[in-house]
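Presented below, as structure tokens, is a lone chain in the form predicted on its own.
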Amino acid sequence: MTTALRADAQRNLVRVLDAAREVFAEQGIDAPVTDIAERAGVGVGTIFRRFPTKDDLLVAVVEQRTVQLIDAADAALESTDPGAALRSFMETAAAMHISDVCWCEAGSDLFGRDGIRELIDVLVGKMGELLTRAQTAGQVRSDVRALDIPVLLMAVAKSGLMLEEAVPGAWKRYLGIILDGLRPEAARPLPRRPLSRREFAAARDGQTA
């Protein structure tokens, strides 16, 4: 009987997380827990027994999404064409951002949490590997740094999300402009030095550098 109950609880957890990911992606971080419970086919109490607060549920969803991006970066690193690998990852990441209102709305209060912060660091490290490979192959300008990539992706995501309902897919134009700007032949001296890790971490965690 204990095993059966444990299996039932695990099924409920999977349903809750799947529903939360869908509802937060559609409605953003202000989505009510009642909508998640309804989609999961469970009571609100079931959710709060596993996640004491709505923020705890949000953290779990953002962690899952970050792991998906890490997996996408790992898949891109297996490519034998470094330039195409970086472009493919950025396209995948941008599309994932656009499809997920929650990810775009998540601020420093979520990204600065223990667990998520460490995952973001892993993700940025993977982006750095993709970038370095593409630069070594002469396919990306040499003055770009790993921390530039998530900032560029967030620029596409936030503007693209604003346009998406009225002009679906408009974000692809702006990502294309950015990708062209990464090519060595497009390089011009940049007006400012790259972000330091301390500055990036401060922005991510909502602090002053």
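One rule holds for the numbers: they count along the sequence shown, beginning at 1. Definition used throughout: the rigid core is the maximal C-alpha set that superposes within 1.5 Å between two forms. On a predicted model such as this, the values are computed, not experimentally measured, just so you know.
Not pictured, yet referred to below: the form predicted in complex with a further copy of the same chain.
For the three residues 65, 71 and 98, a heavy atom within 4.5 Å of a further copy of the same chain turns up in the predicted complex in no case. Stretch 160-168 is the answer when you ask which of 31-39, 57-65, 160-168, 44-52 has residues with heavy atoms within 4.5 Å of a further copy of the same chain in the predicted complex. Interface residue remark: residue 106 is counted as part of the site for a further copy of the same chain in the predicted complex, having a heavy atom within 4.5 Å. Residue 195 belongs to the set of residues with a heavy atom inside 4.5 Å of a further copy of the same chain in the predicted complex. a further copy of the same chain is not shown here, and in the predicted complex it never comes within 4.5 Å of any heavy atom of residue 26. In the predicted complex, a further copy of the same chain stays beyond 4.5 Å of every heavy atom belonging to residue 126.
Although a further copy of the same chain is not shown here, in the predicted complex the stretch 127-165 places heavy atoms of 141, 143, 144, 145, 147, 148, 151, 152, 154, 155, 158, 159, 162, 163, 165 within 4.5 Å of it, in sequence order.
Comparing the forms between the shown form and the other one, the C-alpha position of residue 188 differs by 2 angstroms or more, with the core used for superposition.
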